[in-house]
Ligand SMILES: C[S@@+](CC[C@H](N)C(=O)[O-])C[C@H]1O[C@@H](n2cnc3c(N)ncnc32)[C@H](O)[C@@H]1O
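First comes one chain, alone, set out as structure tokens in the form predicted alone.
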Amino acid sequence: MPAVPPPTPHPTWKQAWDAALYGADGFFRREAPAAHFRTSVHASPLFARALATMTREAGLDTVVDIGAGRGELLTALRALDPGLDLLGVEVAARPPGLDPAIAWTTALPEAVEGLVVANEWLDNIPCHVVEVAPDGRLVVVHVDPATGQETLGQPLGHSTVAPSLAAWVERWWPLDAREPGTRAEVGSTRDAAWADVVARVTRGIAVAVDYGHTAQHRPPFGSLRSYRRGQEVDVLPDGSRDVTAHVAVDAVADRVGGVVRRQRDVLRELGVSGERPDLGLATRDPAAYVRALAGATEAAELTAEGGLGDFFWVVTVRD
């Protein structure tokens, strides 16, 4: 009787995640992100206005949007400041109907003098997931893309596992061998991706905006999530839905010499205020009062604690 070959192991989380989002028929090649989740860009044009202000105050005239979706941020910037040079970077083809003044590419530009922004991009950069096994060893987690069923693979330190994984975990997300089931999302791929972007900025500002965590508040069981049509759904790297995980923003900032700030603080400094307008305006100019109230409501959402205001900005200035 012929020998039965061993079953093909499932891919690592990083491999499955990458194929699901960026493979030949991956989620972000087919789908418009705005159809599945709402970001600060979609919440209010005040977000674009703040970025335009940041750009001009720095004496810059170019904005590059990494992970540009279908050009929503760039379209808003074009309406606010037609004098800005705008470039969208996205794995998907140029959206139909996009203003011809907005440039579009599927590859990172070689060099940029301007503001480079990536809003909720790093959370979609696939990374390895590691877990403390029952025997206390730290191992790489594999997943069946069709079912989401996970299996434990090789331990960190094994010859087939990159040594950099263990080094990153030890420095940025140490796990206790006495707590089986605890896990980490190894952010070295995010660090490297953002370092590559920042290195292309010859003069200007690089801003990564995302939900994340720092060393004092790592989620003990990781933060993998999936979203589809505006709803959180079961995590599954099959290409039918988004796959995301919070970003270890302190590690990213350390890699690029960036400063970590909260969105609410940055936006308030850039003039985004959720303060309600004076009621006296309602009598003097009701239409103006309604507009001011709407703007204050949008600003409040962008800066809210427990919401978008908690997002982190990793800001790197390149002179």
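Because the structure is a prediction, the values reported are computed rather than measured. Just count from 1 along the sequence shown to find any residue number.
Separately, the form predicted together with the ligand exists; it is not shown, and the next lines address it.
Contact with the ligand in the predicted bound form, judged by any heavy atom within 4.5 Å, is made by just one of L98, V235, V89, A195: V89. Residue-level contacts in the predicted bound form: of R261, H42, R49, R255, one residue has a heavy atom within 4.5 Å of the ligand, and it is H42. Stretch 32 to 40 is the contacting one of 32 to 40, 247 to 255, 52 to 60, 265 to 273, since its residues have non-hydrogen atoms within 4.5 Å of the ligand in the predicted bound form.
None of the heavy atoms of S226 is located within 4.5 Å of the ligand in the predicted bound form. Using a 4.5 Å cutoff between non-hydrogen atoms, N124 counts as a contact of the ligand in the predicted bound form. Shown alone here, E120 lies within 4.5 Å of the ligand in the predicted bound form, counting heavy atoms only.
For the partner-free chain shown, Y22, F28, P33 of 16 to 34 come within 4.5 angstroms of the ligand in the predicted bound form, judged by any non-hydrogen atom.
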